[in-house]
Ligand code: HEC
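One chain comes next, on its own, written out as structure tokens in the form predicted alone.
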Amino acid sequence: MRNHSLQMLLGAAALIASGFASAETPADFLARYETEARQSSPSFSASAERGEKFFTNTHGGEWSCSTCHTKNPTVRGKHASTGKAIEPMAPGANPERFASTRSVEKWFGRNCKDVLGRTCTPGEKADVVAWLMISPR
């Protein structure tokens, strides 16, 4: 009985540890979003130039991504309504960006609805990630 309990405990510890060991990277998200975008547009390739334009322009509303995150993704931003500080978006300036699917999807979901009034497409996400990845440190 003890041996079985020990095996279960070790198995649970390994499962927990594997969650920490499998942190995702910005490149993982870029590859995932490009793959998803190619399902509807086989020749799609992420563009940092499109990503910057998407991030800094408005899309029919009052806000752009840069309204809160600033046009320089390597510096702290501030939420336009609440004034809450927002850590830099560029992963080179903030290594915690693009580290987990749960967080990335949560914030793309909220921010895309605020800025676009809809969900971002995989291509839009890929373009933004491509631009943020090359933003200076």
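Computed from a predicted model, the values in this text were never measured in an experiment. Numbers for residues come from their place in the sequence shown, where the first is 1.
Although it is not shown, the form predicted together with the named molecule is what the next lines describe.
For the three residues Ala37, Ser41 and Lys53, a heavy atom within 4.5 Å of the named molecule turns up in the model of the complex in no case. Looking at Arg32, you'd find every heavy atom of it more than 4.5 angstroms from the named molecule in the model of the complex. For Cys65, a non-hydrogen atom is located within 4.5 Å of the named molecule in the model of the complex, even though that partner is not displayed.
Although the partner is absent from this view, Thr74 stays clear of the named molecule in the model of the complex, with no non-hydrogen atom inside 4.5 angstroms. Taking the partner from elsewhere, Val104 is found to have a heavy atom lying within 4.5 Å of the named molecule in the model of the complex.
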